[in-house]
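Single chain ahead, by itself, as structure tokens, in the form predicted on its own.
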Amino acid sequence: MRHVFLALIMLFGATLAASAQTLQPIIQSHVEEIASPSRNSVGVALDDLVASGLPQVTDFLEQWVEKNVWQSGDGTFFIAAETDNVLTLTDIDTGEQRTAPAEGFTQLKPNGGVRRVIGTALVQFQLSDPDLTRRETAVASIARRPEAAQMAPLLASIDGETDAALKTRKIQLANLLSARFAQTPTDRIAAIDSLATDTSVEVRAVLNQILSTSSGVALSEPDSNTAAIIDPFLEPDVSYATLVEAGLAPARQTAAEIKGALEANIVDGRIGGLPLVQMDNPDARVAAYGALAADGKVPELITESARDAALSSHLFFELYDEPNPDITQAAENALASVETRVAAAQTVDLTLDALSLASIFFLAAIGLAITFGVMGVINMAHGEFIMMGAYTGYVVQLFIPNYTVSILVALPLAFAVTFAAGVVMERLVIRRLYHRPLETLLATFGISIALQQIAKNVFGTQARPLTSPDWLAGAWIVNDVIQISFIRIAIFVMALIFLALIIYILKRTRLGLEVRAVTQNPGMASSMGINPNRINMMTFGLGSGIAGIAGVAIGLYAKVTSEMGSDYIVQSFMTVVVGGVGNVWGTLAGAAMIGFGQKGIEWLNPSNTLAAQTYMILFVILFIQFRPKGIVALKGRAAGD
């Protein structure tokens, strides 16, 4: 008998354990709340579902939000997918599937408000879900719609979080929620203080929400948390309208209302005892209206003096929506710290942008600096060598689909192509026009137009893609303020490499020695056995080749078109002239001045880049009036010229 009794107890316990792992009975106890939910009624059902702790709850809530839960005629709930009026039913507890006609089943369609309530409950499960994607989704959901109810489950999930990045994000989000929704002022202030070093947009938004204000007016200062006292006489008409809206003063009469009141009170050719013939006088109209008001026939006229008296007798203020002054003071201190850090970060970001722009100008101008400085040739076709280099990179990518390899091939090939083009141009045109600057300018300008037209005939007028490798995609992001694209970093590094390479060529090689000799004194260099014509040819080719490499680098960042050289020729000449003709260090200094100057002007007027370029040109014109030889003046022939 005892054995039978023990067996019955074990069977009963097993039955209870099985039922404890079953979700359907819990759902059935809230049929009405689940089948026809509202924001007020669904909370009871959700509390029981969450309290059960069953693993099936997460999937059920997700499917409920997605409107994939169906109810059969006998009241049983299923997860289902409909195809051609046939449902594929999945048992909520066992996961077993079967098919059935859609007739006889009702789809649950919770409205938007109910889905938000369900989503809040769902987050509690997702925050600790084994699937990292679900945990990230939950955290993103909290960030989009933060609520006080989400704070406790979020805090509870932090210690068990295994992903370092997500754990950091949870801590940050918990601080944001605590700053707004923590139970005690002490906890809120501690959370607010922890945000003082965070420059993210989210933190600034939360602090501004805590510091949100509303305007008010009263006879005396209120006992609430006052943000500021407003001077009503800064905008007296607006302030008086606030009084009227608050019911603290009568509305001022308009000119039309005064005219109508006067016309309605004409008696025997008089208004308020004054003859009609005097009504052309504004003072007479005011006097007539005042007489009518004294007799009680019209409301009292609100003059400017009456308006000012009403304003003086009331106090205008702004109140914090947050009633605790300690919390708002902590938020003000934290926001001031954040804004200081944001300003410093913006300065760093602007500096990085300026360095990036300066490196682009340096790459575009260094070849021109060499040819212009050594040969004194104003090459208006320099921009087209940049364009030729960019198109060389595009053609290489047509044959080599691996973007990393194609860029490595395109750089030396672009140098070879534009070097050869520069040598041909120097041999056929430039060498016949030495010491004739006007003819050289016109000839190279004509060559520029011809090269642009050739490019249009070959490649068309549409922009062609010069795609960067995947490892150059994206940007280096320090925080919400400081970020710079990897392509710009690569261009900056390339500019440094070219700076070192050119300095090495000019200082450590025979070609560089001969170039410097011809630059300083071509006659003496010729007497020492140096062929100036050969040096001019090699120098022009070198400058053109460098422009071709610059074209590949710029093409990764900007559009590749037949006119792209025109976008950089003006800045290139400005860079060379401002820096000092024919000097590498001068070109670097000129690029830095123009890059930083243009970015500074853009910061003052961010909506108009063209205006910044125009102002920069005007600045350069003024600069060379005071320092015509540039920042770094060159000695020798170029200086004499």
Partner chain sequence: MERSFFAKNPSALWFLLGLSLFTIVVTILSEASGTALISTSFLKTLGKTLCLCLVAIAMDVVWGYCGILSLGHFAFFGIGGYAIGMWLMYARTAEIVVTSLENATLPPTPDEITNAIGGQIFGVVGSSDFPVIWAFSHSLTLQLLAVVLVPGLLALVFGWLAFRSRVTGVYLSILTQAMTLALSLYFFQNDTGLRGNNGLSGLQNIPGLEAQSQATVSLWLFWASAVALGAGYVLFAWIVSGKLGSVIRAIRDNEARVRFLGYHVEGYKLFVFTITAIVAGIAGALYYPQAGIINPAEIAPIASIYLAVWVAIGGRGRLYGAVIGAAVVSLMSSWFTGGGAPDINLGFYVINWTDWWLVLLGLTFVAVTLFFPKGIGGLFDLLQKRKGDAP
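If you superpose the two forms and keep the largest set of C-alpha atoms that fall within 1.5 Å, you have the rigid core. Positions refer to the first chain, counted from 1. Treat the numbers as computed from the prediction; the structure is a model and nothing was measured.
The protein also exists as the form predicted together with its partner chain; that form is not presented, and the subsequent description refers to it.
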query	finding
In the predicted complex, segment of 80 to 88, 543 to 551, 158 to 166, 269 to 277 with a heavy atom within 4.5 Å of its partner chain	269 to 277
4.5 Å heavy atom contact, L61 to its partner chain in the predicted complex	no
Proximity of T614 to its partner chain in the predicted complex, heavy atoms at 4.5 Å	yes
Partner proximity in the predicted complex: H435 to its partner chain, non-hydrogen atom cutoff 4.5 Å	no
Non-hydrogen atom contact K259 with its partner chain in the predicted complex at 4.5 angstroms	yes
Whether A294, Y403 and R488 all lie within 4.5 angstroms of its partner chain in the predicted complex by heavy atom	no
One residue of A558, A100, V570, A344 in contact with its partner chain, assessed in the predicted complex (non-hydrogen atom, 4.5 angstroms)	V570
Partner-contacting position among L132, V493, A450, A309 - heavy atom within 4.5 Å of its partner chain in the predicted complex	A450
Stretch 279 to 294 - residues with a heavy atom within 4.5 Å of its partner chain in the predicted complex	M279, D280, N281, P282, R285
CA of A256, rigid core aligned, shift of 2 Å or more between this form and the one not shown	yes
Flag for R270, CA shift 2 Å or larger between this form and the one not shown after aligning core	yes
Rigid core fit then L411 CA moved by 2 Å or more between this form and the one not shown	no
